[in-house]
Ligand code: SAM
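Okay, so here's just one chain, in structure tokens, the form predicted alone.
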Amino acid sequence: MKEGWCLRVPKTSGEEKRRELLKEGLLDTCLVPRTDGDDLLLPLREPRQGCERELFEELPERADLPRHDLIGGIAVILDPGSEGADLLLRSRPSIHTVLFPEGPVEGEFRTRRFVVAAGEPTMKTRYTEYGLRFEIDLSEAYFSPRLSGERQRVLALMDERERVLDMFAGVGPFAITLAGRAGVVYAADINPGAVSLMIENISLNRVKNVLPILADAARLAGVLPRGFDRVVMNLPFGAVKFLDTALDLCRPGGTIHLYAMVGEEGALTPILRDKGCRIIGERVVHTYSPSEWLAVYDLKVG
């Protein structure tokens, strides 16, 4: 055990504060955070206002944690064949389960199969993002925390009272985030499990202007009113084939955010221009493999 400076925060906001300290370079990653009643103690590299001294367990020297995504209390290992699940479980008291994906996201409902590598045998957790809370069940619906920055970016681009369509809403992270500025958000998904979780998350966050819809995105033009100000298309391996539907539903001058896996810059530019879209932005969101990355195309309609 080693004594060090730490910041005491409520467990409910612990993971968000941990990420903030890590980004600022203040989190001491050589010590293991620990719980104390309803609080989480986050070790610091140096003292700051409101900190205190506590004892912490030290991580083994040169402890190399496997690459992972953290979804609430679940860590999903990203590299096939990587070791260190037990070490990852011990690295943060907030982690209760370490999962390893057995394959890619697949099927009409976009789900993924996992094996429990360490910790509790569960696929369920609660995830917090910028003050919003989401119930997650990875056995029912895919979820990625790696788009949290994108959700805030799109929110910042919006005008007040916009009419928004989220064509592949999943458990609702985009829809519920954008609801903070939108007049109304129509949130569609073909996966009943995802829509059920979305309804739960709408209630959890007391959001009144998100309308959940269980529907195939290809059929939305036949059931929804046209004239949306903004359309979100977060289906990285298939969004392009639904672009005609998005163009039909978005008003002239409206904006479409299309997320797609690409292997080179401008890979979709000819297709998008042929559809009559004006590309106002293209940016890399994150890498997927050495030869592919997730890109977002911001499109102006008409």
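Residue positions are given as counts along the sequence shown, with the first one as 1. Not measured: the values here are computed from a predicted model.
In what follows, reference is made to the form predicted together with the ligand, a form of this protein that is not presented.
- When the ligand is considered in the predicted complex, only one residue from L99, M198, V185, M167 comes within 4.5 Å through any heavy atom, namely M167.
- None of A117, L147, L132, L89 but one reaches within 4.5 angstroms of the ligand in the predicted complex through a heavy atom, and that residue is L147.
- Contact here is defined as any heavy atom lying within 4.5 Å of the ligand in the predicted complex, and by that definition not a single one of K2, F56 and I95 is a contact residue.
- The candidate stretches are 152 to 160, 202 to 210, 102 to 110, 68 to 76, and the one lying within 4.5 Å of the ligand in the predicted complex by heavy atoms is 102 to 110.
- Residue contact check for D216: one or more of its heavy atoms lie within 4.5 Å of the ligand in the predicted complex.
- Although the partner is absent from this view, G254 stays clear of the ligand in the predicted complex, with no non-hydrogen atom inside 4.5 angstroms.
- In the predicted complex, the ligand lies farther than 4.5 Å from every heavy atom of T125.
- Interface residue remark: A221 is not counted as part of the site for the ligand in the predicted complex, having no heavy atom within 4.5 Å.
- With contact defined as any non-hydrogen atom lying within 4.5 angstroms of the ligand in the predicted complex, the contacting residues in 228 to 247 are N234, L235, P236, F242, given in sequence order.
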